[in-house]
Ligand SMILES: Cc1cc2nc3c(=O)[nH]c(=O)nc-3n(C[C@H](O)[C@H](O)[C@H](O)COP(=O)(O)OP(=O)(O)OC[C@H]3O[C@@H](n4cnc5c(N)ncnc54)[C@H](O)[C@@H]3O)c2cc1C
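This document starts with one chain, in the form predicted on its own, laid out as structure tokens.
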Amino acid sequence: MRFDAAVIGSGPAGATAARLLAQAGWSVALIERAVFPRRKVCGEFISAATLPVLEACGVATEFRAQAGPAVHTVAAYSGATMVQAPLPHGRVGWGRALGREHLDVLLRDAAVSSGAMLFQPAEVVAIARQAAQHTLTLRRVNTVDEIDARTVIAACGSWNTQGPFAAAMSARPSDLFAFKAHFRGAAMAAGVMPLLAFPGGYGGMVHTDGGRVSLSCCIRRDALRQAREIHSGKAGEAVMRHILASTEGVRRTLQGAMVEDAILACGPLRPGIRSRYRDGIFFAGNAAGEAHPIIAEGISMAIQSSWLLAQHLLADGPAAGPNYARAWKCQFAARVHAASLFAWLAMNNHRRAAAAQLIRAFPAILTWGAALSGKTLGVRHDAT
């Protein structure tokens, strides 16, 4: 089988790219190794700046119907500090949160409805390139298939342990491990999104679908080890106890709340800017660049980067690779650097205390930070 594009990964980035290319008339193969619906470790907030892309994908109405309440206030919880400030009102309103078990299905089905051919579950085990053609070897339950595509988009995330995009890492104390849990009965006002800074890590909480509150966080490898020495239980349970013991705002919010299902975990993660185009393969979503989750922009950046890539693939022909790489850097590099700065402040005791004092004195810093991280400014349609 031959396709104009093969998209590896049907998360928000991959499904968005597949939808936009398919509805423009391209033949698209959408390849996903996991079975949906699935829970996944990540924050669930979708910024207002991403809503126009959801409109272009034809899912904005259903997204709003399923998602949690509009987020109009950002807060900061660190130690005894609890400060909040209004989010800037975007051109299309405020962002919302939706669980990945719902969002991924919504976007995947939109891609399929536009004509993308879905291979799920299927894993890409090899990619060979000859001139302008790629041959992908897919392993499915009982078969091994080959498909050809002139364009390959890797939207399979930044953390892979197998396959052609496997990331080999040696352990570092600064490696981050991510955790996520949903809570029922949390005492958090609708429309408020607290950002969390605690010893060795950071995270955030948000109202998501079905009346749940989602808490997602990252913690350094060395801080995780210390937390497990102090607090009993599995890694996720130790991290949640670590946050509760050090963060007054979280204690108040989750007092009496119940964890829904298991606490999810993944890692190690190393946020940063990566290759956006290499050896004839385009990278989108976290595979292209990943911001520290403290700014709650991971999914939004993934969806927006796929919109950007689709526009360059449709308009630029052979120049799409370098043009997309430059446009991605112009659009997202500042967010990644801002997230790195916020994470640097959050994970050190002295810097965290100083930042908390500053925020208490000037809550408008939270509003400024929200604008800096891209929560109200849309993707620039003239990015080149």
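All values reported here derive from a predicted model rather than from experimental measurement. All residue numbers are counted from 1 along the displayed sequence.
The form predicted in complex with the ligand exists for this protein as well; it is not shown, and the discussion that follows is about that form.
Participant: Do R335 and the ligand come within 4.5 Å of each other in the predicted bound form, heavy atoms counted?
Facilitator: Flag for R335 set to no.
Participant: Considering only heavy atoms, tell me if R39 and the ligand come within 4.5 Å of each other in the predicted bound form.
Facilitator: No - in the predicted bound form, heavy atoms of R39 and the ligand never come within 4.5 Å of each other.
Participant: Taking the ligand as it sits in the predicted bound form, is I31 in contact with it (heavy atom to heavy atom, 4.5 Å or less)?
Facilitator: The answer is yes: I31 has a heavy atom within 4.5 Å of the ligand.
Participant: Given that the partner is absent here, does F179 sit within 4.5 Å of the ligand in the predicted bound form, heavy atoms only?
Facilitator: Yes - in the predicted bound form, heavy atoms of F179 and the ligand come within 4.5 Å of each other.
Participant: Looking at 184-192, 108-116, 288-296, 309-317, which one sits within 4.5 Å of the ligand in the predicted bound form if you count heavy atoms only?
Facilitator: That would be stretch 288-296.
Participant: Here the chain is shown alone; which of L269, A149, I263, A235 has a heavy atom within 4.5 Å of the ligand in the predicted bound form?
Facilitator: Contact check passes for L269.
Participant: Do any residues of 209-235 have a non-hydrogen atom within 4.5 angstroms of the ligand in the predicted bound form? If so, which ones, in sequence order?
Facilitator: S216, C217, C218 sit within 4.5 Å of the partner.
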